[in-house]
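Single chain ahead, by itself, as structure tokens, in the form predicted alone.
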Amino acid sequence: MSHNTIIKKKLASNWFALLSDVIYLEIEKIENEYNKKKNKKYKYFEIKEWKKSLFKNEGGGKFRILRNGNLFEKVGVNFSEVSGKFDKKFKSQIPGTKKNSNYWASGISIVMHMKNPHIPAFHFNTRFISTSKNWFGGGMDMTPCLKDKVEEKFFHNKIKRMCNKHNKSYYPKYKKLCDNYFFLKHRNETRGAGGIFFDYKKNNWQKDFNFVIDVGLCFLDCVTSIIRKKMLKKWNKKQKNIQLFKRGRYAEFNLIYDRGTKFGLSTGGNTEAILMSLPPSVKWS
């Protein structure tokens, strides 16, 4: 492994770790701003560190989860840095593993399920993966259960402006990839209101890394703005039921199609951290 690759891995991993710290602290801050206004008990994240293997030096991660918040019903903030070998079946799906099945991967993954049905669920992840090839991947998307065209426009405009700073082709390209990726084929419907999605991004490492940094900062800006705007909005039982049915679709996607779920479970990741994306409660009937 070249010295240059080692530096790239360290820079990417350090950014993902820092961003996970910043976002979890911001979520905890917003949750307790709400609790203070509503005179409710303060809520804090559970923090767990995990190792991929007890007997090998293959890395691990930090898993933070806030359960049963008064604003955030369930939030997971995951950071990981792992290495190892892909099994024969899985390595055929990964670039750069034809001659060598070794891999290294680091990333951050966040899913937010809100108690208030007026506030969408949010998903975000970015990652850097290294085999004999190196690339970035990730994205962000929003899943509302109650239609709000103004909110959707705000979300997409924020993302578009961020993308345009780097390349004006990014937003239409990555939006289309997101729309195609977050599509439930068995139901012939989209999961939510979209966002951006990208993978195998390996054109210019420094430019790609700068873009990945901005994706993370844009996500933080978007979600904090939307949540603070709506966190005191009143809701009723009918609206909550709509949310629970929509969450069923969310669960279906993550268990059937999600690449991150498949990657994590196929490489010995922490099962609790991988499945934190599933909503705390759902309805199908």
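Each residue number is its position in the shown sequence, starting from 1. Because the structure is predicted, anything quoted here is derived from the model rather than measured.
What comes next is about the form predicted in complex with a further copy of the same chain, which is not displayed.
Residues 186, 275 and 280 are all found to lie within 4.5 Å of a further copy of the same chain in the predicted complex, as judged by heavy atom distances.
a further copy of the same chain in the predicted complex comes within 4.5 Å of no heavy atom belonging to residue 191.
Mapping the unseen interface onto this chain, residue 271 counts among the residues with a heavy atom inside 4.5 Å of a further copy of the same chain in the predicted complex. Remark: residue 255 counts among the residues lining a further copy of the same chain in the predicted complex, judged by a heavy atom distance of 4.5 Å or less. Residue contact check for residue 240: none of its heavy atoms lie within 4.5 Å of a further copy of the same chain in the predicted complex. A heavy atom within 4.5 Å of a further copy of the same chain in the predicted complex is found for one listed residue only; from 229, 40, 67, 259, this is 67. Think of it this way: in the predicted complex, a further copy of the same chain has a heavy atom of just one of 17, 265, 11, 25 within 4.5 Å, and the residue is 265.
Between 229-237, 245-253, 214-222, 31-39, the stretch whose residues reach within 4.5 angstroms of a further copy of the same chain in the predicted complex through a non-hydrogen atom is 245-253.
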